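Given next, in C-alpha cells, is a single chain: the form predicted on its own.
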Amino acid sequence: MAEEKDRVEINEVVLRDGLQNEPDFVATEEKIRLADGLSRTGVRRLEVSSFVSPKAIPNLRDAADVLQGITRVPGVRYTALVPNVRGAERALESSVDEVNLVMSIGERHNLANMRMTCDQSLAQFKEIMTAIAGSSFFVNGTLATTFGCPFEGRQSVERVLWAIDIYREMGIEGITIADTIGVANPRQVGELTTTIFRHHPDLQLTLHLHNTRDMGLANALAAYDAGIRSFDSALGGIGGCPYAPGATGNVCTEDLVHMFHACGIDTGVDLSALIGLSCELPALLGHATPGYVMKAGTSDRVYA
C-alpha cells in the first residue's frame, strides 16, 4: 500500500470538459449513468457539469438536472465550473462540493474564451467569492494556457506566480495549472511545478493536461516527480480547446491511470472499470475516441 503522500488523485472531467465540445447533445439520463459509473471507479473528484449559458454550451444545459439525478458516493467530490455569480448561485442550489473558476493567463485567449480581460475576470471572481461566503464550497481556481497561449505563445513564470498570488489572496483554496492547448513539454512542466512549490509549498496544486502533441503522459510523470499529486483527465481522451487546431482532447483517464499503475504509483482507481466505461463511449458519442488502453489492453496482457 502506497503512502498517502505518494498516492495520485484522479479528477475526472469527461462530463464537462469532454462533452462540452461534442456536436450532438448527450441525453441527461446518459450523463447520469456515466457519472454514476465513474463515481464507483475510485476517482476522487468528478466534474459533473458547468453552469454556463445554454447558448454558449448547449451540451451542458442540463447541469442542474444531472446533479440532481446522480447517486453521490462518499469520498467523491462533485464539482462544477461556474463563470459568474449567477452560475455560483445555481451551483449552491445544486449542492455541489466544489466550484471551479477559470481565467486564462494569456490576455488574448481570455478575451476569446471568456469575453473579458484578465482584470475583468478577477473582478468577477471577487464577486463570486463574496456571493458564496459562508458556504461549504471548496473553491478551485484554474489558470488556463499556463504553459502557452495560442495567440501569445509561452507565458512567463512571473505571470503565473502573479495569478497564483491573486487567487490565494481572494481565498481560493486549490489551483489548477492547465496546458489548455497541449504545448507543454516534460522539462517545462517539471521546472514550473518546482518553482510554484518553492513559492507556495502548501499549495493544493492540480495539473490539467491536453494531449494535442502526444506528450500528456510524459508531462504527467514529470509533474509527479516534481511533487504534483492531483491530475485532471477525461475518459477516452475526449474534449479539447476550440483554439487549438488539430487538438485530440484531454489526457485520457484510463491511459493515465494505466501509466501510473505500471510505474508502481497508486491511484486508488479500478482500471478495469474505467476501461469498461471507456469502451461504451464511442457508441454514446457516435465516433471513435483517442484512448489507447481501451483498444490495446493493459501492458501486462499476454497472448496465446
Ligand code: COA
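Quantities reported herein were computed from a predicted structural model and do not represent experimental measurements. Residues carry their position along the shown sequence, with the first being 1.
As for the form predicted together with the named molecule, it is not shown, yet the points below apply to it.
Comment: the named molecule is not present in this chain, but in the predicted complex one of G106, G141, P83, G182 has a heavy atom within 4.5 Å of it, namely P83.
Proximity of R213 to the named molecule in the predicted complex: non-hydrogen atoms within 4.5 Å are absent; the residue sits far from the partner.
Taking the partner from elsewhere, M259 is found to have every heavy atom lying beyond 4.5 Å of the named molecule in the predicted complex. Although the partner is absent from this view, I57 contacts the named molecule in the predicted complex, with a non-hydrogen atom inside 4.5 angstroms.
When contacts are judged by a 4.5 Å heavy atom cut-off, V52 counts as touching the named molecule in the predicted complex. In short, of 228-236, 159-167, 68-76, 84-92 it is 84-92 that has heavy atoms within 4.5 Å of the named molecule in the predicted complex. Proximity of R16, R115 and C241 to the named molecule in the predicted complex is complete: all three residues have a non-hydrogen atom within 4.5 angstroms. Shown without its partner, the chain has no residue in segment 214-238 with a non-hydrogen atom within 4.5 angstroms of the named molecule in the predicted complex.
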